[in-house]
Each structure stands twice: as structure tokens, then as C-alpha cells.
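Given next, in C-alpha cells, is a single chain: the form predicted alone.
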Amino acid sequence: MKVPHIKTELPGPRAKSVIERDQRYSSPAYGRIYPLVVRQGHGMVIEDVDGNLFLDFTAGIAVASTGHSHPKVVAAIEEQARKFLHFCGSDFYYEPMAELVGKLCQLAPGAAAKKVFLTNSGTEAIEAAIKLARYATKRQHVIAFLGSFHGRTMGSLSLTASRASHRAHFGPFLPDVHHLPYGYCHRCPYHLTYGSCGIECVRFIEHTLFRQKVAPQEVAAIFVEPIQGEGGYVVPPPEYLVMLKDICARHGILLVADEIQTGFGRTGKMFACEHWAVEPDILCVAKGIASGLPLGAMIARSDLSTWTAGTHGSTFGGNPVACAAALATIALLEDGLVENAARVGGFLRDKLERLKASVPVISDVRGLGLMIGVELAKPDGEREPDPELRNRVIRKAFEKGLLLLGCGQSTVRFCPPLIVTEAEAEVAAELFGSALREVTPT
């Protein structure tokens, strides 16, 4: 059957029943995007409980890297589940965990020896990195960036600054966290132009922050997303990460790369840092690591991993079934999916760039690999963000059978499973263009 295939109104009758039951009992903290009620997923296709088929360009927020229920991942899960489901990796040993941490050390950017701590999620990887950075440096202050999203637990939330609503009424947060503007050239916070700006977004750290607010000798780490995710799929200028790394090296500060959304092939390389040949001191990963099973990791240089037994731990982190899924996922990534992300991502970006030329409300198309953002703006020549238009476009795309998500103030993100074909990317671009034209004021 051709996909997408929408045969009922949305939501359909069964979906409405599930939604009603869910809303009666689930926490209002859950932020539902549109009324999609999933029955099953295979590859690039999501089927809802009413039999409607959708083309998925969300990958469960960049998690289903190998597509939904890839047979090789499912087989690895089944095989491990028959052996044993759990035995705490903080207290004992088992082969899937030992194999996975070794593989992660091999894959992580740079030649330095590394150590891995496995977690259940991305936010837990960030929490571990905060603790290790302070433990290893004996410093307290941390630098993060406006627009960043590092998680919602209290430590990582202290670094997160993508939406005020994420932080409202939860303070006080960790002390001594300093937020600076990110390298967002399309909307430069310093009102400068790339090419003549001197990369002010990095220079500000030394010539202002370190002079007027905190001495560099007190800073433990800089936490940065190589490409901002929730902040709007923002790709910084090419000098950005290299200059951050240089500042860190000169002042004994650790560079912590949050690759929770950019890692595991999403950008056309195994890790986004590789695009700029930057080796972080600590690397935090999750999302696409295990094709949907809960798993994250903090990968740190061995010489930093000085903390002793019991200083950190996790009951479920590194669960053996999740480790088996991760090993199967990595094998598929290495067998061509990373290259596919680069190739099809380039194809999709070209299609979206062509759309931009004919649709004035598209103010920017940016991204690497299959991490592409299309920013929408009011057609007033001032590039003022238009979040309401973005939300209408995403809803209209859903009604046409294309699953998309937003990010930033008014950006639509394209982050499909890495198995996507050029034909599927072309369908997605056409459906997006159709949805955009239907909801754009004439």
C-alpha cells in the first residue's frame, strides 16, 4: 500500500478513545504534539490504531535510528531477553555491557584512551558529566548556552535554556552556571555578520565573561551541543567548536559535547564533532544509540575518570537487553547507515533549499546529514519568527500523513530514521511544501 495512506479523519474513532483514556489518567506534564496514537511501526512507516499509515520524519525524536523494529535489532533483543533481563551493571559484570563500553571507546572521537559510564537516558549522561567534571577539576563553575537543551532533571535542567517554560517554578538551580548566546548566525545575538564578526560568540567568553564575572581557573567545563537540537537545529559557524576547544585547552577547562541528538550517524558522521575534527574531553550520548531502548552513555578521557567506586552508580543503566540492542544498532550504522544519512540528507536539503526559493516564509534551511531544520518567518522582510505558522504547518503535514516536529522558535525539524531513501525524502519534501502552501497566508 502506498505510504502515506490516510483513510479516516484524524484522530480516528479508536484514536479518540485512547486519547480520552490517556488524558483521564496521565500527567498533564506530557506535551502531546498532535493526536497520533501509534499501533505499530516498521521501517519508515507508523500505523495508527485506525489503520492510517504515516511516513515518519521524526524517528521518535531522533531515537529510531535504524527505523522502527529493525529485524536485526529485534533479534538481538529477543536473544538477550531469553538469557536474562537484568543484573545491575554497577555491581556485577556481564558480556553485553563489557562489549558495548569497549565499542563506544573505539568509536568516540579522538585518540585518547577513554572510560564509559552507561545510563538510562541523555539527561542522566549529562548529570554524570556534571559530577565528573567537578570531581576531576575540583572546580565548580560551568558554562552553557542559550538555546541549549541538556535534559529536565535538576542538574541538566540547570544547563538547559531553550524554553523558559522548561525552567519555570523549579528553581533554585545548580549555582555557578553561566549561559551565553550560541553561535546562531541566522539570528546573531550580537547583531553582527559572519565573515566580519571575529566569531564574537566565542571571543565573548575570554574578553568579557572571564574578565568581569568568573575567572577561568574556577570553570570546570563548557557544555555544548555541536549542533543545537531543541534550540532550532542551529549549525554554528565552522570556527566555533575549534575555538571553544582552544579556550578550554588554554585554561584547563573540560569541553563536554552533548551529542545526545547529533550522535550515532545523525549528521552523516558517527559523531557531529568529527565534522570539525574536535575531540571533546567528555562525550554524552543517548537517543539513537539503541534504536529505541532506553540507554545513554558518558564517555570520558581515562585520565579524567579518577572517581572511585560508589561515587556514581545506576541500577538500570547499561541494562543487558539495551546493550544488545545498541550493539546491533552500531553494527547497522557501520554497515552503511551513516553514509546513507550523509547522502540522503544532502538530497533532502537540496529539495528543501529549492522550496525555500519559491516560498517566502522559509527564512533558512540548515543542517548536516539527516538533521535538517527549516526556519519559518513572517513575510515582512525582518525574518521575525512565526511559531504559529510553524505549528499549523506541522499539523497540516500530519493530516497529510507526514510526521514532523518543531524546534526553536519557529523551525520545523527533519530527523527521519537513517534508513530513509531518496524516494521517501522526495515524498516528504513534496508533502511539506504542500502543507506549507496550504496554511501560508496569500
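Numbers follow the displayed sequence, beginning with 1. None of these values were measured; they are calculated from a predicted model.
Not pictured, yet referred to below: the form predicted in complex with ligand PLP.
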### Message
Does any part of residue 266 reach within 4.5 Å of ligand PLP in the predicted complex? Heavy atoms only, please.
### Response
no
**OP:** Give a yes or no for residue 260: in the predicted complex, does one of its heavy atoms lie within 4.5 Å of a heavy atom belonging to ligand PLP?
**Re:** yes
Q. Using 4.5 Å between non-hydrogen atoms, is residue 151 touching ligand PLP in the predicted complex?
A. yes
Q) Should residue 281 be classed as touching ligand PLP in the predicted complex when contacts are defined as heavy atoms within 4.5 Å? A) no
Counting only non-hydrogen atoms, the one stretch of 117-125, 359-367, 321-329, 244-252 within 4.5 angstroms of ligand PLP in the predicted complex is 117-125
Near ligand PLP in the predicted complex, with a heavy atom at 4.5 Å or closer, the residues from 284-302 are 287
